[in-house]
Structure formats: structure tokens, C-alpha cells
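Okay, so here's just one chain, in C-alpha cells, the form predicted on its own.
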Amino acid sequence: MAFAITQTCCADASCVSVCPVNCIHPTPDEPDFGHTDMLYVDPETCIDCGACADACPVDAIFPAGALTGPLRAYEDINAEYYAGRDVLASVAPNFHQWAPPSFTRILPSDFTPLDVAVVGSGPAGMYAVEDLLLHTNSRVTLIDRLPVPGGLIRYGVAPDHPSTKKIGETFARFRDHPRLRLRLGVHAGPELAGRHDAVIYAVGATEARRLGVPGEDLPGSLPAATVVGWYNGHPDVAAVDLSAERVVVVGAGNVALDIARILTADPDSLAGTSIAPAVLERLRSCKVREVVVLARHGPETAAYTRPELLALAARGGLVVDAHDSRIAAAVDAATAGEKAALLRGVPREAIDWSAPPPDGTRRVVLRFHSAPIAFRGDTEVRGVVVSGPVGDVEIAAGRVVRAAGFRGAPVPGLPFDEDTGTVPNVAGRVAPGTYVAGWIKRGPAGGIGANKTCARETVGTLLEDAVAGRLPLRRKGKRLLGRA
């Protein structure tokens, strides 16, 4: 019986490195890596050893025959990735060709221990910490401005995704490492450069990307980070007002679906999760009956991943606004493996947006081919005007959540590119001794696992600088490799 990877895949490739028959793809050295929704097991090659399931940090891998409920679809999803691919490169059981061995790091035997500061305890920072502690003799100081470590894992992952949050347990073990010093509730300043041989900034992308439409800053218009931080108990975020019956979410990525799912969930289903207790009580009494998710393009190219949509559709209460004939055409023409195909069987309705949402069960409405062009309201948001195939339409709503993406914020003392919202760098190097990793390095793209490859590149660049003697001599009497 083959194994199958399921919804909570973090794509950090821990499973790839332990597979004895190279049956999990795409691998980090393949072009598709970082561009697929998840990783996939080839059922024809898998020898059912279970090594991948043991290595998975988010409990996303199971025997295909043991999958039940909504996860049952992942047996076919894994197989679909390999349909039509020419994978018969050698004799059984190894059908996939192995990449040639690559040794990208060679450290001298007398490599001088480095003192490295890592700013940010989210995935990018922790993958950098892991690399430094496991593969070098460096001493690491991990710094975070918040009183609780975790970054995106703690404050960005939806509370009803406990398996995804489980990767935090993998990272947590490094906080007790004898060569790591943890400093929480500390704002990193320029003094770090004088106290450490190198500093890695892994501070993420915390600002909302602006829409640039009139009324965007009206009260009741909230950035997605505020709502996500609120239901995850972020200490910097105040309570969110849920007195509106209809909420519009602008954007159709995974964050948008997370918000829609949490706001329309049965509060009892969240009771055993990591959701903040005060938030759970507010959800029990909230008036939200409908969340409308606006997608700029059609269902065939929506930004959310297939696993996230599959989970939402399986829960029930999902509706597609049938205002545009192109939506039905795309869904009906979609083949297995395409995003639009997952909407088959989902109810399609023509909705009167001037009327309040229907009474009864809370629901999520997907409205495709809908770009916001203005927010309406006097003292607060009362509606969103969207473009459509037959003219502009105003959707009556008491709250709007802007989930159109994130961008990085300037880091004091570092250069900053306002267009991309990133710190300019070359393979993570800002300057010898100063480095970046994660979204502040490459922009807000890629999930949790993408940060592993990103952090590895940055650490590799740092070590190259150390071996070549390019790191500044930061402390009197300190001798670095390559320095006299």
C-alpha cells in the first residue's frame, strides 16, 4: 500500500531526504519545487516503508488506504501529479532518476566558531538556526520582539490547522540547544553588528499590500494581518468588531480562505484548538452570516491552493456566485487535477447583493472575476463596489478584510526596496556580515517549507564569507578564519 501526502503538507522536503526510492517530488533541485501546492508520492514507486511519514514535521503523510473523509481525495491527488509523466528511468523499484550528488559546502576542519544573531523566530529564522546549530559549531543568539516565539507559526497559521502548527514543535527543540541563547521581547538594534560576527534578519513581511482604491482606509476596512493576528491572540492586535452580517474579503489566497473559514465556523469546532479564548467567546455571539471572497480572476487561476479549497468545500456551506457565465464554463471544462474541477457540485447561485444575507447556516461565497474599485461609506464601510462583466455592482457589507498580499517593512540600518518591499540582497547577503532570509529577502511568496531552502542559501552565503575572510572584525581580539 502506497503512502500519500495530504492537505497539511509544508513542503520543506524533510520527507524527500529520507525516501529510499526517490518517489517524492518535486525535490528541491527540480524546477517545480516551490511552485506546486504540495509534494506528492508516486504510488507506482512507493515501497510502503513509512520513512516519509516518520520524518514529516506536520503529520501530513498516511497510508493511502487508510485515508478517510475529505482526505480520501489525496490518494488520487498524489497519483494525478505523475499521470502522463515519463518517470521510468531505471529498473524497479527505483523508477525515478536520482540527481547527481552535490556538495555545496566545504568547511575547513579548523573552522572558527562564529557568533551569529538571528532576528525573528518564525520559519525562516528557525530554519537558519537549525542549519547553523546542526551543521556548524556556531553560537546563535535568537531574538524576537514578541514575548512568545513562533512568528508565522504561532500568529499566522489558522487555529483549526493544528497539524501545520505542529512544525513549531520541531523548531522548539532548538530553543534549548546549549549553543543557543533566546532573547524575547527585545527590539533588535544596530548594536547587534558590534556584538556578533554576523546577523541574519528573518523578520517576514508584516505590512498589508495596499489596493489603491477610494475608501480603502474607512473604519471597518481591516488588513488581513489584523484579523489573523486577532484570532491567534497576537499581543499587538485589538479585538475585531464582528457586528456585521456580511463580511467581504478582498483576495482569494489561502489567507483569505482561512479568514472566511474561521469567521463562518461552528464555534464548538474550534473549542479544542489554539484559538484565543476571548476570540472563541466573541465568535459565539458574532453576527456574521456570510463571508464573500472576491477573486480578481476565474476559478481556474485562483490564488488559493487546491488543498485549502478542498477542505473548505468538504466542510459545507460553500457557494459560488454565478454572475458570470465564464465561471460555469471553466468549472465544467476543468479536468482532474485542476483547481476549477474542485468546484463541481458546489451550489451556484445568482445573488442579490443589495439584500442582507439569508438567515440560517453561515456560509462562504466565492465571487470570481471581481475586482474592487471603491469602498463605500460615510463614517465606516457600508459596501464594496466591484467591476463585473455586465457593469459595476455594489455588495452591501459592514466589514471588509483586505487580503491582497503582504509586503515587508523597512529594517532600521538596512537598505530597502520600496517597489518590492524587500531588503536588496544577493543570495541573502546584504553586505558581508549582514544577511536576510524569508519574505524580507525574497518577497511574500511560498509557504512554510519554502523558507528551508531560502534559509539554507543564506547560511551558505554567510559561511562562504566567513571562510573567505570577508566578515568584518567586530570585536577586539576576535580572530576569524582568513584574518591575520
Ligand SMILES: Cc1cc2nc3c(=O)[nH]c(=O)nc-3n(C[C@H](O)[C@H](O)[C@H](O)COP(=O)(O)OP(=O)(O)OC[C@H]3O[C@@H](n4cnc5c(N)ncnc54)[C@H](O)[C@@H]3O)c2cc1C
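Everything numeric in this text was worked out from a predicted model, so none of it was measured. Residues carry their position along the shown sequence, with the first being 1.
Absent from the display: the form predicted in complex with the ligand. The rest refers to it.
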Original post:
Should Arg173 be counted as a contact of the ligand in the model of the complex, where contact means heavy atoms within 4.5 Å?
Top reply: no
**OP:** Would you check, heavy atoms only and a 4.5 Å threshold, whether Val385 touches the ligand in the model of the complex?
**Re:** no
**OP:** Using a 4.5 Å heavy atom cut-off, state whether Tyr435 contacts the ligand in the model of the complex.
**Re:** no
Subject >> Gly156: touches the ligand in the model of the complex, heavy atom cutoff 4.5 angstroms >> reply: yes
**OP:** Tell me whether Thr264, Pro307 and Ala340, taken together, all sit within 4.5 Å of the ligand in the model of the complex, counting heavy atoms only.
**Re:** no
Original post:
Within 4.5 Å of the ligand in the model of the complex, heavy atoms considered, which of Tyr81, Phe406, Trp353, Trp230?
Top reply: Phe406
Original post:
Among 395 to 403, 310 to 318, 137 to 145, 364 to 372, which stretch has residues whose heavy atoms lie within 4.5 Å of the ligand in the model of the complex?
Top reply: 137 to 145
Original post:
Listed by sequence position, which residues of 169 to 192 have a non-hydrogen atom within 4.5 angstroms of the ligand in the model of the complex?
Top reply: Val186, His187, Ala188
